[in-house]
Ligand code: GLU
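One chain comes next, on its own, written as structure tokens: the form predicted on its own.
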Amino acid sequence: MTVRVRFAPSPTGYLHIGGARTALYNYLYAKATGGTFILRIEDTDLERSKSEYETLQIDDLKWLGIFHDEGPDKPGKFGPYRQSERLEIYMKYANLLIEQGKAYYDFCTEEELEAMKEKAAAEGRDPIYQGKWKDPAFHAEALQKIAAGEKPAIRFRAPKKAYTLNDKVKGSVTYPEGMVGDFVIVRSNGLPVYNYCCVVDDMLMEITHVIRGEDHLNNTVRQLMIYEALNSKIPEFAHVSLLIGHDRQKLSKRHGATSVNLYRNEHYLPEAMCNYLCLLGWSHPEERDIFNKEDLFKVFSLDRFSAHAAMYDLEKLKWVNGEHLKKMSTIDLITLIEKEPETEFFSKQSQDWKNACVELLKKYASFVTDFPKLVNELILNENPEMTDPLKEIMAWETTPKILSFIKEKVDSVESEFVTEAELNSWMESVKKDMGVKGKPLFMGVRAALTGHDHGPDLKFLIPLTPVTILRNRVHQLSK
């Protein structure tokens, strides 16, 4: 069997994080099995669907490195791939269901339907449809109304039986008899509803596996009924866990950014986003936390999903982003850094300086945007803030002597940068000539040269700092 999976977003807004995770899982499963990944646009909500959102969602998927094999822009033999372009197909199968007595025309008004609900509630019953049109005796009357120009809905006749779904994530799920009454598959305006056109599309596009969010689990009983009515093979289902915030509620805007586009704008790396999203409900067979999605093509499977809700943790995402940043090549990082604002000083330095700077600072960075900030704070800052820890070091008996010595040495440097050898000789002089050792030596020299009580190794940091900056900084600390 050739695996065929799909991601079917509605173009009513930006690509949601949950949708991106669903797309990623489908993409990975297609890659792992040598299958086909289809992008289908569910745009039958004509009022809210916009072509610009479709474009933006596809663009966000491409940014994540998720590329479909078939879709609106990559047509295949199973198209069209927009539901708004498949309305005739849906009507064809709806008419077939009517002919077979598995669906019927319904002319009940909203008021009549509401009255049925209220009566059912008063009698302690589920709000099951009780309109007269479900009776085949009224079919002829329905045809007369249609001939007179009235527009009916088409309602599916729900079988009176239980259904069982063997889900790849949730296990065996049973839907008891009577859980669902007759339901609309085509509205009176001619537009099909989600559960119906979803099944028709999956059937005709030969979808073999449906990987989607747990929130679709309740929809599935209706879809099983329609598959059965159309004599269609039912695909394998995998309903992946919900994404929740720290309050254990379904992920929403109150938990932070929920669209992929916002994370793009906040300079997250696409590799990190895919890595983190994959871990939200799925585990690597080697229990690895950091990987590229290409690493998963040989190991991704449906038996590594967790049935438990996955907590969306922005701090964990930030950490994952930092780990991917550290794995990037120095050349690639330099290219990204130089695209950021306030990198004029960085861009003017030699390639050796840039290489050394990036290698030193990337262990302190979570985002590319951190590099200009780190350069300004650790290298270019001439007026260090006199923090309490720094005040304590400066108050030690040995520190003023060290500061005076360092000031003299920095003033005598004629080159643009201090070399590591020069720094080592200064440290040795403080140790031998002043008799300062251990913590007073290392922290005293650091305070004098950097204006900080902690930070990167001095032998790497000081050779990156222009002597003019060091000189101004040391003089400022000497005041």
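Counting begins at 1, following the sequence as shown. None of the values given here were measured: they were computed from a predicted structure.
The same protein also has a form predicted together with this ligand, omitted here; what follows describes it.
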Self-check item: Proximity to this ligand in the predicted complex (heavy atom, within 4.5 Å), stretch among 147 to 155, 379 to 387, 310 to 318, 194 to 202
Solution: 194 to 202
Self-check item: Proximity of residue 456 to this ligand in the predicted complex, heavy atoms at 4.5 Å
Solution: no
Quiz item: Taking the shortest heavy atom distance, is residue 293 within 4.5 Å of this ligand in the predicted complex?
Solution: no
Quiz item: Is the gap between residue 69 and this ligand in the predicted complex 4.5 Å or less for some heavy atom pair?
Solution: no
Exercise. Please check if residue 474 has a heavy atom lying within 4.5 Å of any heavy atom of this ligand in the predicted complex.
Key: no
Quiz item: Which pick from 222, 324, 212, 86 sits with a heavy atom within 4.5 Å of this ligand in the predicted complex?
Solution: 212
Quiz prompt | The single option of 401, 187, 284, 216 touching this ligand in the predicted complex, heavy atom within 4.5 Å | solution = 216
Self-check item: Partner contacts in the predicted complex for 1 to 33 (non-hydrogen atom within 4.5 angstroms of this ligand)
Solution: 6, 8, 9, 10
